[in-house]
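Below you will find one chain, with nothing else, as structure tokens; this is the form predicted alone, and questions on how it binds or moves follow later.
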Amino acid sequence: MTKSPVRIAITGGAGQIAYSLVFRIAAGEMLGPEQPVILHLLEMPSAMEALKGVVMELDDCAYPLLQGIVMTDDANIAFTDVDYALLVGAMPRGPGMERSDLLKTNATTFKTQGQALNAHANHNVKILVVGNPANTNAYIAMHSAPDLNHKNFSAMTRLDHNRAVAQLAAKTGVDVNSVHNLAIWGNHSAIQYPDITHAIINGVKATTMVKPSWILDDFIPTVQQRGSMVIKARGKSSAASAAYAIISHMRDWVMGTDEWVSAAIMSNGDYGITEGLIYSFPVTVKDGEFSIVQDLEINDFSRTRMLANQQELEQERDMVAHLLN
């Protein structure tokens, strides 16, 4: 094995998403079969005993790529020298919880983690925020880490993207690999906008293969509410599907892709979206950097949905402004 190990921090290391994630990372699914890794697992003090059990299982797998494990309840230790930070741990959304409840509960956590990343992480660290509300938590972490490049912060809308691809493929009777150029715009919330305006299925425009009523009444609401549907069915938030989306997001970020994928990154004003917001766009990836797909024609329906997401993110931004002064 010739490559030096990279360090990957995962917060909420004993949580259900992490339990679906850490073994796959250790097996090489995220960074490839030749990249050794050292896992930095962060948990709350009350969950350290459970985290010990996860570490025992990792040890028992005897993964050739796993070169070490750091187990801690201190963010300063967890983020020391890390190359990748997966901010998964957050108060989960339960039945009946509002986004505002999550925002108030989790905001201080992501400020603290942003500060720790700024102080201790590799300055080229790539940071993915998964804990909800992911876009604004990423915004908080980014502004709490002034010495890190804003381009190295993202929030995950890849799970929404995958959900949208699966729904469209099922409706049109094709394999998911046949669906291209789909996008998630905006916030990882109940008003996110899954957009098939530009989607292509086996060379055919997707909008010619489905009825407008299905897009409006079935497709968009299903993608928007899928997380709530999973909670209603399982009594818990999505875990395995979220872990797979994390792996896909990070693998593409590191290795690149010409395919359209969706990621929430800092807006520079593209498509008229307020600068500075962490907003989901259709992107491609090259040399470790996201590039927003340019020059797309945006119809009135799409513009209205995109603007609603902008306004929601502006409201969330304003709710946490006092934390960032």
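Residue numbers run from 1 along the displayed sequence. This is a predicted model, so every value here is computed, not measured.
Keep in mind the form predicted together with a further copy of the same chain is missing from the figure; the text below concerns it.
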Inset, instruction - Check each of Val204, Ile77, Met229, Ile191 and return the one that places a heavy atom within 4.5 angstroms of a further copy of the same chain in the predicted bound form. - result: Met229
Legend entry - One residue of Asp295, Asp258, Glu49, Asp300 in contact with a further copy of the same chain, assessed in the predicted bound form (non-hydrogen atom, 4.5 angstroms): Glu49
Legend entry - Residue contact check: Lys236 to a further copy of the same chain in the predicted bound form, 4.5 Å heavy atom: yes
Inset, instruction - Considering only heavy atoms, tell me if Val165 and a further copy of the same chain come within 4.5 Å of each other in the predicted bound form. - result: yes
Legend entry - Proximity of Val176 to a further copy of the same chain in the predicted bound form, heavy atoms at 4.5 Å: yes
Legend entry - Partner contact for Ile196 in the predicted bound form: a further copy of the same chain, 4.5 angstroms, heavy atom: no
Inset, instruction - State yes only if every one of Met91, Thr109 and Tyr279 has a non-hydrogen atom within 4.5 Å of a further copy of the same chain in the predicted bound form; otherwise state no. - result: no
Legend entry - Which of 258-266, 38-46, 63-71, 280-288 sits within 4.5 Å of a further copy of the same chain in the predicted bound form, heavy atom basis: 63-71
Legend entry - Residues from 14-34 in contact with a further copy of the same chain (non-hydrogen atom within 4.5 Å) in the predicted bound form: Gln16, Tyr19, Ser20, Phe23, Arg24, Ala27, Glu29
